[in-house]
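Next up: just one chain, as structure tokens, the form predicted on its own.
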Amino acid sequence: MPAKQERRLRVGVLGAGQIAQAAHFESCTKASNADLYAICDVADDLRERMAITHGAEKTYNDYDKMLADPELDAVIIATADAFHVPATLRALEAGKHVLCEKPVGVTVEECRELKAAVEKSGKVFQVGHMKRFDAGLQAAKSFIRDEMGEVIALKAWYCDSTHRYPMTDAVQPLIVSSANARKPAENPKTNLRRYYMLAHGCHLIDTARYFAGDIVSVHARLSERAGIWCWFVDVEFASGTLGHLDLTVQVRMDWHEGFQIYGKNGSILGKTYNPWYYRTSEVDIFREADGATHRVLGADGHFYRRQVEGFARTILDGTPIEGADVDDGLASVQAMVAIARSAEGGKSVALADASGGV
């Protein structure tokens, strides 16, 4: 890992559950320009165990007390989806910068409220779409921006597998749980259609927007058969690019995620791996100019650590936000809601008309 820099962002992580244990604690300890300063969780047993394991300087069982700490620079919101917006609003009011796990919220209305609060605060707010820190996707983005010319069409797919848990359990750290952990009033997994869209659909949508820009409208079809949820979505991009998205859970095969992009001066074919492998996507960029295909190695595939470092650079050095900002987060939720309404009604739905939740 890169050596620690002299100036580092002091980060507090809210929540000591699965995503914090699997990604955010380690990312802060490994980041060259950030430190895991504090951990906040109401479960005393879990919080103290994580603090010892990861070397956090301070611990809190009260979020407002952590936010009142003058040594704290920023927070990572690593809670259940329903808590994302309320926790972010409190952090912004306390004058802290925020990196919030995806999805940024669960309704369009609360995301709009958050957008207004971010703009008023003047603080850095970034959404945890860590795939934007995949070197393969970044290489594709650079080619689109600098060489591809007009983008004609994009196809992207995100297919979770029935075999993902034996695979991820083998590579993730042992996840520790606590009976004292705070949980949302409703178990998110009681509605799998909603859960899968929020958990996985937001990744697919953000990847599509990262490459092709704003989505204007969607026309979605949904099949729920044989324990498989499959959304096929035709996408209208503001740029005129034709789009098609495939979100399927759970395929009877290996993890299947990737994208295909056709443009004026070349094409791109990408294969993305299960994120817990920390393996950079294999992205083949074909340049019409030389008739050859190029692929970046991307030896550093720790997307979560690279995300924290990008977040810290924006705060410490004043660089533009490298990841997803509040507008990206809002647009992702609008798209998910529009897809849900389109699948229910069988008609195209404009994102501008999307309201409510998934």
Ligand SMILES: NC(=O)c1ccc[n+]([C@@H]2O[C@H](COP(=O)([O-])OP(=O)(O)OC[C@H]3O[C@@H](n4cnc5c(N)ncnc54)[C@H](O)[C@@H]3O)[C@@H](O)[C@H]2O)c1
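So that there is no doubt, residue numbering starts at 1 and follows the sequence shown. None of the values given here were measured: they were computed from a predicted structure.
Another form exists, predicted together with this ligand; not displayed. Remarks below refer to it.
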| query | Has each of 46, 103 and 128 got a heavy atom lying within 4.5 angstroms of this ligand in the predicted complex? | reply | yes
| remark: Answer key: of 205, 218, 75, 78, within 4.5 Å of this ligand in the predicted complex (heavy atoms) is 78
| said: Only one of these stretches, 36-44, 308-316, 328-336, 49-57, has heavy atoms within 4.5 Å of this ligand in the predicted complex; which one is it? | reply: 36-44
| field | 4.5 angstroms heavy atom contact with this ligand in the predicted complex for residue 252 | value | no
| query | in the predicted complex, does residue 153 have a heavy atom within 4.5 Å of this ligand? | reply | no
| task | Could you confirm whether residue 269 comes within 4.5 Å of this ligand in the predicted complex, counting heavy atoms only? | result | no
| message | Whether residue 11 contacts this ligand in the predicted complex should be assessed with a 4.5 Å heavy atom distance threshold; does it? | response | no
| remark: Applying a 4.5 angstroms cut-off on non-hydrogen atoms, the residues of 151-166 near this ligand in the predicted complex are none
